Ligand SMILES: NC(=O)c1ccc[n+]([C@@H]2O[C@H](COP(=O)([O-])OP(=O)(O)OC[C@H]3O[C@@H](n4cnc5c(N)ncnc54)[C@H](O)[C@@H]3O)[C@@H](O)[C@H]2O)c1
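One chain follows as structure tokens, the form predicted on its own.
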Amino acid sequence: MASISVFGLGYVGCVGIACLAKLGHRVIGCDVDINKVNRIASGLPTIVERDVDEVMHEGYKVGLISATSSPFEAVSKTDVSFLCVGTPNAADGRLDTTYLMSAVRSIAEVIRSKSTFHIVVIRSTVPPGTNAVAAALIEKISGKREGINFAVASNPEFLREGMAVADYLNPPLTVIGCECRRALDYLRRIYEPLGSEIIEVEPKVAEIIKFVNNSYHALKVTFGNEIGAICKKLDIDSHSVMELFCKDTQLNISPYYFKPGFAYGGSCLPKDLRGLNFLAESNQVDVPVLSSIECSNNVHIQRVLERVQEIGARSVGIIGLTFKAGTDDLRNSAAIRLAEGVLGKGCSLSIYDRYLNIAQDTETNLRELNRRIPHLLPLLVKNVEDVVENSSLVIITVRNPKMPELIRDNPEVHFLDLVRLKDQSVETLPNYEGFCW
């Protein structure tokens, strides 16, 4: 049984108290709002939410739930404090951590006089870096050392209103961001009975994942609604369309395509996206999300060119010119636009593409090559080593098994990786740089 205090008795805190007690832990709620404190102290929830009344009452009945307005009582009687304090948007859109940091200060004051190790767990949605700020503040106020006398962990919640109790007790995964092994092990023991995968990450990863999740959920709702609006105009059953869309778990609802890297290209994605946008426009349907996708893709190519300028190399090499590996297809290749942009900056350029070399050697699709890239064909070299030898900057757009060794053997050459080679032996080298990671 863990001894836990929960700061903030609103939505997340109330559900957390009820569910932690259901897991067999002794929980003390703490809040500046005396009405909320009194409700929890009486075994009553502070919110209206499915199942929370019953679960809260069960924990209260067996003596596992209490509440106080005193931070000293809450912290001194527990080993871990969960921060579930509100972080509302400020006028400029940033999340305001004023209330959270006020709670951190209160906890730090108690840690100063506490002889046992204490864990502070941030459940609130906070900007990346808040964990480190909170730890520094506790060290300053308490005079204690992080990792020795206390630890700060980031542990975002993934609860849907109306399903919060079920989501808490049956999570898809549990994310813990912390640098302290002792704290990680303690929190693992709390969450292991839930049976979900527990993933340990850097604190900043844990802090940003909630933003990413909810922004994607917002995107899904908007995407579905824009498809629905188009289908409505065309007298198509939009629910049938999206049900079919969701059945593809190999590409559509899957990790595929969800890797930060370079821009999309090829014959299918640009063509069909433009076709769908034309359907919307010709039927007077405004689709801001769908119409902004191509613009975002173009901006991403420009980001790479801006990075090339910042690096300041005058001789550039590109590994991979087709729209993706394993093909000689150049249609809508983002790498071609990148190559043309590099040339436009006045840089010399050499290019290696295995499949274009094969196409040239076998005279396969030669007419198409001459039609699409007559200005780039003379820049193709036969060996990947030649690109490295002729360049002070090498841009990698496709994976090549020789690249890790070439990166290690050529420390004077800067390598900008757009696809991630996934070789740990090069990721810490000073001449290697990942783009978007």
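Predicted, not measured: the structure shown is a model, and the values here were computed from it. Residue numbers run from 1 along the displayed sequence.
Only in words, not in the display: the form predicted in complex with the named molecule, which the text now covers.
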Proximity of Ile190 to the named molecule in the model of the complex, heavy atoms at 4.5 Å: no
Val85, heavy atom within 4.5 angstroms of the named molecule in the model of the complex: yes
Tyr99 within 4.5 Å of the named molecule in the model of the complex, heavy atoms: yes
Exercise: Val12 in contact with the named molecule in the model of the complex, heavy atom 4.5 Å: yes
Candidate stretches 282 to 290, 171 to 179, 325 to 333, 154 to 162, one within 4.5 Å of the named molecule in the model of the complex by heavy atom: 154 to 162
Among the candidates Lys144, Arg307, Lys204, Lys210, the residue which, in the model of the complex, approaches the named molecule to within 4.5 Å (heavy atoms): Lys210
Contact assignment for the named molecule in the model of the complex, among Ile40, Val394, Cys30, Val27, heavy atom within 4.5 Å: Cys30
Contact test, all of Ala74, His118 and Asn131, partner the named molecule in the model of the complex, heavy atom 4.5 Å: no
Sequence-ordered list of residues in 36 to 54 near the named molecule in the model of the complex, where near means a heavy atom within 4.5 Å: Lys36
